[in-house]
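A single chain, nothing else alongside it, follows as C-alpha cells in the form predicted on its own.
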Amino acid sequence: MRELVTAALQMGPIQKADSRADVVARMIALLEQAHQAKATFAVFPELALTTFFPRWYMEDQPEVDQWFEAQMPGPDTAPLFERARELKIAISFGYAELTAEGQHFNTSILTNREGEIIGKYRKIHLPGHSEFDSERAFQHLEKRYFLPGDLGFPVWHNLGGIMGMLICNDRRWPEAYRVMGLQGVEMVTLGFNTPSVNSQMGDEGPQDRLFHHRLSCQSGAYQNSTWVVAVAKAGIEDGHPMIGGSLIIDPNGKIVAETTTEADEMIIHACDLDACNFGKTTIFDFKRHRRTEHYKLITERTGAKPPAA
C-alpha cells in the first residue's frame, strides 16, 4: 500500500479588495488544519490568490497585470512556502502567472515536502471569449487575459507516486486526462472557479453545474484509473456566485470525500496509490487494448465535421 493522506483545501470567495497577505493567511490556516489531520499533500484551487478577475472587462494592461504574479514564490507567497516547508506538506495551487517575457498564463504549481517547486502546468483549454459580450449575463474573459498553456500535460514523480495537474475547464476534455494516463498518472490535481450559473444559458444553474463537474472528474478518474483531487474556490465574489463541490475521487470513479459548503473547508482522504494498479492492468491496460490506428481524427481535426450527405 502506498498511502498518501491528501487534503483538498477549498477556499471561499476572494473579493477584489482582499489583499494577497489576507489570502495567504487564509491558505496557511487551512494548511495548519491539514497538518493537524496528518496530511502530507494539500491542494488549493485555481487562481487561489485573487478574485476570479476574468469576469471583469479591462482594457488597461497595468490594471490587468495587478492580478498576476511575476515570481513564484514572491514576497506575498513566501510565507505559504515557508510554512509548508516547516510542516513538511507538499502543496499545489493555481495563480495568474506573468513571465519574464511578458506572457500571461493561468498556471498551477506542484511542490515537494521541502517546499521546492518541482512541477508547473499552464491551463490549455481556456473557456469564454476575448471581447466584451453584451449577450452574456456576465463576462468570462479568460481568452482575453491568458494565453493557452504551452507546457503540454506533463507528470512528475512526487510523494511516492506519479502526479499531474489540470485546471478547471480542462476537466471537461478527456484528452487531457488520457495524455497523463498514458504516462502512468496516479493522482491528478485540479483547481477550479466555476460560476453557479451558465452565462449563456440561465436555466443551467448550480445543480446542473455540479452534475457536469462531478461527471467530468469521475469519468476522468475511472477511464484512466487515477485519483482525482478537484478543489474549488467558491461562494459569492463581488456579487458573482461560484459552486463548491470540491471532490476526492478514487481510481474507480467513486467520490470518497466532498465539501458541503461554499466557504473555506477541508476534506481529507488517505489515498492508496496502489489502488490504481487494478484498472491499469485490466480494463484500462492501454498497451493491450488501445487501437491508435483508429484515433487519427482526435489530433487531425479540431471542429466537428459531419460526413458528406
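Throughout, we count residues from 1 along the sequence that is shown. Here the structure is a predicted model, which is why all the values come from computation and not from measurement.
Not on display, but discussed next: the form predicted in complex with ligand CDV.
Do heavy atoms from each of Phe52, Lys123 and Thr194 fall within 4.5 Å of ligand CDV in the predicted bound form?
-> Every residue of the candidate spot has a heavy atom within 4.5 Å of ligand CDV in the predicted bound form.
Specify the contacting stretch among 150-158, 70-78, 175-183, 134-142, defined as having any heavy atom within 4.5 Å of ligand CDV in the predicted bound form.
-> Looking at the other structure, the answer is 134-142.
Is Glu46 close to ligand CDV in the predicted bound form, meaning a heavy atom pair under 4.5 Å apart or at it?
-> Glu46: yes, in contact with ligand CDV in the predicted bound form.
Can Pro127 be called a contact residue for ligand CDV in the predicted bound form at 4.5 Å between heavy atoms?
-> Pro127: contacts ligand CDV in the predicted bound form.
Mark Ser219 yes when one of its heavy atoms lies within 4.5 Å of a heavy atom of ligand CDV in the predicted bound form, and no otherwise.
-> Residue-level check for Ser219: no, no contact with ligand CDV.
Using heavy atoms and a 4.5 Å limit, would one call Asn169 a contact residue for ligand CDV in the predicted bound form?
-> Output for Asn169 is yes: heavy atoms within 4.5 Å of ligand CDV.
Ok, Arg83, Arg209, Arg113, His104: which has a heavy atom sitting within 4.5 Å of ligand CDV in the predicted bound form?
-> Of the candidates Arg83, Arg209, Arg113, His104, Arg209 is the one lying within 4.5 Å of ligand CDV in the predicted bound form.
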